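A single chain comes next, written as structure tokens; it is the form predicted alone.
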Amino acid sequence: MAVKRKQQGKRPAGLQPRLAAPAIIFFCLALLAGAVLFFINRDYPEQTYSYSHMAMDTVIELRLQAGSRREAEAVKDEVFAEMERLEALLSRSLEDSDVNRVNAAAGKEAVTVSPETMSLAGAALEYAALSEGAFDPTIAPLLDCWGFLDQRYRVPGPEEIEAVLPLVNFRLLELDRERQTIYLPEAGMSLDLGGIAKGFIVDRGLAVLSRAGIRHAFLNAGGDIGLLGTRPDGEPWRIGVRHPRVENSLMAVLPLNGGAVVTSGDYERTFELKGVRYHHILDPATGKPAAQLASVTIIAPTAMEADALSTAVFVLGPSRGLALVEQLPGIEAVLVTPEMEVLVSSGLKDIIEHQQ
């Protein structure tokens, strides 16, 4: 419906309308307010930023989607700082870590540790019990026998292994949660959280990203992968399962929306002596490298779960390992045998993409 405007006389040439000062101020403020609202409500396109960092004796890859480079670099710095802080508490390679202080006091006294160390040690005991000792956080004396900590590799004799085996027993580890202490009751015992700590640290990195409002991210710490949301384009992340014997080749691809993926393989931390190859995933029952599988990839809600279970399933072998996975909700697995046969848990059969 048209609205008639009131007719006004023509303004004499050379004369322009004048606004009172308050009206000018009001007009300017209105423009400013409109501009502010425009910039606040404007939907800035986010971009993907990639970073790498050296920690935990590996290269950490971080990809995240953020609104600006300044935002991305700020949260990147926070993620890497948190990961380094936790490594300083949990690594057996660092002299002043909580873990090394516990080991130095083995057979003498309980040691007060940080809440993070206590929490992780408690989780490690849970996975040790769940796997009936296939995963054991007191495996350190055996690892040292084989020279895996300092990379002075050797094959210990049967008598040496037999002498060390009694020191590998997660049931002896004493945690006092009220006092925040850990105690190794036998001299010579050692704690090694390496089979679970990296996953725990990846989870903490993802938590930093999430608190900062990041919705899409990929965090990879030497094969321990944590995923935040989907890919930036809304599609699933595509995670490859490495071929244990052929470099730069895949056995399978997993399309995943969030969660975590960790692989344990007999091609990691290896050495060869007299034509025989040895790896670091030791069976706590025998003291020797587990030999029933070539690799185990675990998909889980958290990297800590995936980390511990990948070791446990590797040691348990295909039959017992898959049986354990099938009884755990939210956990899936891809197992590769020494003959390169691929075995998958029931929840992956319809989504896994085989590459062979």
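The numbering used is simple: start at 1 and walk along the sequence shown. Just so it is clear, the model here is predicted, and its values are computed rather than measured.
Not pictured, yet referred to below: the form predicted together with adenosine-5'-diphosphate.
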Consider the chain as shown here, without its partner, and state which of L89, L228, M189, A134 has a heavy atom within 4.5 Å of adenosine-5'-diphosphate in the predicted complex.
A134
Select from the listed residues V102, I139, A217, I201 the one whose heavy atoms reach within 4.5 Å of adenosine-5'-diphosphate in the predicted complex.
I139
Partner absent here, but in the predicted complex, which of 103 to 111, 172 to 180, 77 to 85, 279 to 287 has residues with a heavy atom within 4.5 Å of adenosine-5'-diphosphate?
279 to 287
Taking the shortest heavy atom distance, is E268 within 4.5 Å of adenosine-5'-diphosphate in the predicted complex?
yes
When the contact criterion is heavy atoms within 4.5 Å, does V315 count as touching adenosine-5'-diphosphate in the predicted complex?
yes
Do G195 and adenosine-5'-diphosphate come within 4.5 Å of each other in the predicted complex, heavy atoms counted?
yes
Hey, in the predicted complex, is L143 touching adenosine-5'-diphosphate, heavy atoms inside 4.5 Å?
yes
Do any residues of 294 to 308 have a non-hydrogen atom within 4.5 angstroms of adenosine-5'-diphosphate in the predicted complex? If so, which ones, in sequence order?
D307
